[in-house]
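Next up: a single chain in structure tokens, the form predicted on its own.
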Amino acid sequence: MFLYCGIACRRKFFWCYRLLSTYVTKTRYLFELKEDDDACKKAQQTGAFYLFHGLAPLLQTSAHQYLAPRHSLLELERLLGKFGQDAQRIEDSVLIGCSEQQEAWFALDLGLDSSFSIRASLHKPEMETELKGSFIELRKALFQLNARDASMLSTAQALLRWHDAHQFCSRSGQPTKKNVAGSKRVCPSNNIIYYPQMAPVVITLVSDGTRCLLARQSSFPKGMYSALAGFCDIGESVEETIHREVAEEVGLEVESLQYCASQHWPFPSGSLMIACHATVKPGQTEIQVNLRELETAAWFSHDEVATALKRKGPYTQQQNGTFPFWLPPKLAISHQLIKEWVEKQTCSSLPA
């Protein structure tokens, strides 16, 4: 028995080491591609490309789900040639990841202005017919993608948008130039380097012990409620942002905070969502909604939220003119935040 346990432990260590080794190898390979233009150009030869048009990814429908097709460099060159475009346009692509087998993944937007073509934007309907897919706004398609494609396309869109918006140096006014991977832009006149950035955003689920506070903005789909969220101001810590946002939006003071998780979010232009739980001070639960920020906010019981988590939504209007109460889909970090609260409440209510 002792011998068996020893062998099992060694096998477990071996597989853990292999997993770590694969991750380290992959991470260092991506670092090399970001820093070495020649290595990145070489990776494009055997890499895969995801296509966008006006920041909308090319998607195909399969069994009520969207799939993101990939194209080889050769296929992409043929496509560009067919539409009278120079293959140099591929230099507008950005590196977005790689497989464990070191197949590099890139994204290219065919609808944004290109540095390499007089005909900057390719005609969208013709492209869709040729590619047997549709360029669909990511916000509309995000929750019908699998987790891997959703993450990859979110990264791609945020990076493509950043490059499109940072083509000139803020100091000299001169055009900046991206490296092959798209991990930075450089101003040739003064060598200032610009790196893609994300805006930190806190998303907070406020509770009073037995209930949680959820709110909605007018831009939300009908019937959907979520946790409170807001951008961090200059000079603020995450904790200070949470205190301020809750006070601003619903007129409450929180006392205890607990970190949950984080998630990249591509809207409006690339954000880091930092999810936390917060509890209000005892006896201070009267909501005063800031109508400049929110449409409405309310306290919800454990049973109400647990039931809403089982709904898939969105829903159509009911006969009485209202919409069922539902929550953000599973891929959204707000869903994870709310689900975690429900599970904690369920565990705490179980008999010891």
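Computed from a prediction, not measured in an experiment: that's the story for all the values here. In this text, residue numbers run from 1 along the sequence as written.
Here the subject shifts to the form predicted in complex with a small molecule, a form of this protein not shown in this document.
**Student:** Find the only residue in Ala261, Ala247, Ala165, Ala199 having a heavy atom within 4.5 Å of the small molecule in the predicted complex.
**Tutor:** By the 4.5 Å heavy-atom cutoff, the listed residue in contact is Ala199.
**Student:** In the predicted complex, which of the listed residues (Thr176, Asn179, Ser226, Thr155) lies with a heavy atom within 4.5 Å of the small molecule?
**Tutor:** It is Ser226 that has a heavy atom within 4.5 Å of the partner.
**Student:** In the predicted complex, which of the stretches 199 to 207, 251 to 259, 186 to 194, 82 to 90 has residues with heavy atoms within 4.5 Å of the small molecule?
**Tutor:** Stretch with heavy atoms near the partner: 199 to 207.
**Student:** Using the partner position in the predicted complex, report whether Pro221 sits within 4.5 Å of the small molecule, counting heavy atoms only.
**Tutor:** No.
**Student:** Can you check whether Gly97 is within 4.5 Å of the small molecule in the predicted complex, heavy atom basis?
**Tutor:** Judged by the heavy-atom cut-off of 4.5 Å, Gly97 is well away from the small molecule in the predicted complex.
**Student:** Under a 4.5 Å heavy atom criterion, is Pro268 part of the interface with the small molecule in the predicted complex?
**Tutor:** Yes, contact at 4.5 Å.
**Student:** State yes or no: in the predicted complex, is some non-hydrogen atom of Glu293 no more than 4.5 angstroms from a non-hydrogen atom of the small molecule?
**Tutor:** Judged by the heavy-atom cut-off of 4.5 Å, Glu293 is in contact with the small molecule in the predicted complex.
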